[in-house]
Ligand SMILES: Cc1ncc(COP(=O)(O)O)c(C=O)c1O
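Just one chain is shown here, as structure tokens, and it is the form predicted on its own.
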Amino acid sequence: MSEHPFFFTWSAQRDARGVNITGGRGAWFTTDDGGRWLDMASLVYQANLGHGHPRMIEAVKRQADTLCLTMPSAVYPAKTALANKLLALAPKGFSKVFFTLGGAEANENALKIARMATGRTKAISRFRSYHGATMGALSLSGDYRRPPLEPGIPGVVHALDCYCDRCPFGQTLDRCKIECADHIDQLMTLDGPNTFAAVFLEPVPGANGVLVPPPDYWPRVRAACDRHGTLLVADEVLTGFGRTGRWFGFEHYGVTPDMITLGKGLTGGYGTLGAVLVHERVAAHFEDRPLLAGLTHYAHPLGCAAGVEAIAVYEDEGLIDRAAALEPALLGGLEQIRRRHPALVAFTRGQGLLAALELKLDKGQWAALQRGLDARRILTHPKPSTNMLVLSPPLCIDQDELQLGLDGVEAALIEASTDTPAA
């Protein structure tokens, strides 16, 4: 029985590893044993601004002193300011923001909005995807977390992925026909024309292996949605706010979605908040029809204040450009590891400060890798079930810190490859 009086998420309680975080600064956090950890994960992808940012802390304090208890229909400066800032960051034509508690609820409410606005019920997402842990968002998701909790909500159809290193259509990169995008078009035809409300896509599926799509993928899906009258939802919960080197990941592909869902980097983890940005062509539906959605803590003042300040910090510190500038160091460093250890690393891929090593380790070696990373006090996202190690450091990390993290990952990987189970 776990010694703690609370549940650990996504874990058998007996095996859960608690990390007693006491503070931190920049790309580092501290623990109660005096340890100092290099955060190559941004905790759970949300700490884009790093740890202990004084401006973020002060912004939340100021809001708490001014107003920290409201109701969903309340109007106040931080709420209005954040909505206006988000719409200014979005492509032309976005006119409304629906605030939520986090990323999962953003996707949940985007699905509701899509159903109400189109009068349709079905949605398409991908097999290797993660859209959140609420029942609707989990039904959209396509990884190991969904099957034990099925049946989810009806009407979700899963499409094959843009997994270019292991193409589900048997193509190679030099012969790619973007069949993964055409598959979505085919599903909307074969599984019921005029029945699909929305297609939900992460610009780069992060937690499921950093699957960077071909350049034409998003434009083809956009065109397919237009032909079928289906809304395109960009799930930017993980990729938004500089993670891929742009404010939003879809910006790499020259398309405009109908809705954008946000969380994580929206406040950099300093507030509990998510959002759905809605294009005017969708928002217009609700001018004379009720929007049947709402939450008690919708647009909580502390979260909105954190969001306003987070965007200001991204801008003032040039963190979006910084992520783009550090991409070669991260991806180049990982590719060097692959070349030095081809027996251990199958593929590397990434965009901005989001990257993955696809490894060739057995179960025991994965456990040894985790021990090695813990011993070096480096936090990453290990995914043994899919043989992926995902890295997503804070955008404030510097090149020396990034190299220190890569060196530690390589050392732990070498150590794990020579691990021999006890007789």
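A quick note: this is a predicted structure, and the numbers were derived from the prediction, not measured. Residue indices: 1-based, along the sequence shown.
Just so it is clear, the following notes concern the form predicted in complex with this ligand, a form of the same protein that is not shown.
Heavy atoms within 4.5 Å of this ligand in the predicted bound form belong, among the stretches 237-245, 175-183, 286-294, 334-342, to residues of 237-245. At least one heavy atom of Glu202 is located within 4.5 Å of this ligand in the predicted bound form. Proximity of Tyr270 to this ligand in the predicted bound form falls outside the 4.5 Å heavy atom cutoff. When contacts are judged by a 4.5 Å heavy atom cut-off, Tyr130 counts as touching this ligand in the predicted bound form.
This ligand is not shown here, but in the predicted bound form it comes within 4.5 Å of a heavy atom of Lys264. Only one of Ala310, Val221, Ile113, Ala104 lies close to this ligand in the predicted bound form, with a heavy atom inside 4.5 Å, and it is Ala104.
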